[in-house]
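Single chain ahead, by itself, as structure tokens, in the form predicted on its own.
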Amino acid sequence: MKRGELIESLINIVLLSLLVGIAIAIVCMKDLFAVVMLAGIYGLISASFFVVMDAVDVAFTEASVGAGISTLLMLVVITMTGRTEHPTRHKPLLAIFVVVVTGGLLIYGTFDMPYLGAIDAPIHTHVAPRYINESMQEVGVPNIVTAVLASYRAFDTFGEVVVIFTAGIGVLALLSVVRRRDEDSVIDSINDSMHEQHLILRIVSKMMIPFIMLFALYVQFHGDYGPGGGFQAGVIFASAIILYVLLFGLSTARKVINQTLIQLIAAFGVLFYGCVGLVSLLNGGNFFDYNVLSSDPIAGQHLGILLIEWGVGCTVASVMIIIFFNFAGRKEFQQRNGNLIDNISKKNKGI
């Protein structure tokens, strides 16, 4: 075995061992805050493992979603549910049995799969050579992953965007609360007292947020030539907004960010994506056939990919912001009701 292969094998073993150890620690811990932190570390190590496997686009997505936005959303959730997991009052023997049997069946199913990197695997004899050898001539995009997701599999990607939009609408329907304007002044005073001690963080974040948004735009429009695209850019852009909310308060963010506009942008992204396919049909091509969008097929491919990636970025960023605002708004609603109940109980005691 060559020295480079030995080092790569050792790196793989170390990363996989860390993933297994973190997964076991997550299962055993009762402190939900520690679980969330470990989950973020798990996502970051997974991204590192994907980089070692030369799957840079997947690593980019895992780092932004698994280690980034998911960690922020789960931190908001545990502020509503509590930090400590309630002790189990029953023996989950049936659940353990189902998990063990299911895991055993999944492992058994991998026995018929080809070995990792086998040259006679179906994906290496049919699909991969087709994309690698023909995508540059047909699509003209240096990043083959973008060519596959945004051109060859554009309809599948459209389904993923619809699923993300549906998730945002579901959260909006389940967690949206009615906010009274007369409480804004009270909430503002509370937020000022809570956040004035983080003055340095607020100043640094004001300096960093524009650069985070600029990087999101770079990722959005550079996905044709390198790792990135609408999914990663949308999550990064939403992370900048969420960082602003965490440091400046929810009521302040509501004055800056119009929630109705964010919801319209989420719907606009899906509709804009679908309209690209409809325009392709009206021009005599197939659904999401970008060749008919321009007199030059390669220019049409570039235009179609640019447009649908913009739709993906708008929907992903808007949905992430919607989910965060609704979780944070639910927490605010619970605090408001708790304060109301306390005031009523104090009045009753006084009577």
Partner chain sequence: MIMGLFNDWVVVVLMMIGLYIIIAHGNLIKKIVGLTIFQTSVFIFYISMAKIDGGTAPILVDGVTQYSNPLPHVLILTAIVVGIATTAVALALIVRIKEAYGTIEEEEIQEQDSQHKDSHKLNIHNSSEINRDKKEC
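Numbering follows the first chain given and starts at 1. Just so it is clear, the structure is predicted and the values come from calculations on it, not from any experiment. For clarity, a rigid core is taken as the largest C-alpha set superposing within 1.5 Å between two forms.
The following text describes the form predicted in complex with its partner chain, which does not appear among the structures shown.
With a 4.5 Å cutoff on heavy atoms, residue 249 does not count as touching its partner chain in the model of the complex; it lies far away.
In the model of the complex, its partner chain sits within 4.5 Å of a heavy atom of residue 27.
Residue 226 belongs to the set of residues with a heavy atom inside 4.5 Å of its partner chain in the model of the complex. Its partner chain in the model of the complex is approached by residue 144, whose closest heavy atom lies within 4.5 angstroms of it.
Residues from 292 to 330 that approach its partner chain in the model of the complex with a non-hydrogen atom closer than or equal to 4.5 Å are 316, 320, 323, 327, 330, in the order they occur in the chain.
Once both forms are overlaid on the rigid core, the distance between the two CA positions of residue 114 between the shown form and the other one is 2 angstroms or more. When the rigid core is held fixed, the Cα atom of residue 207 travels less than 2 angstroms between the shown form and the other one.
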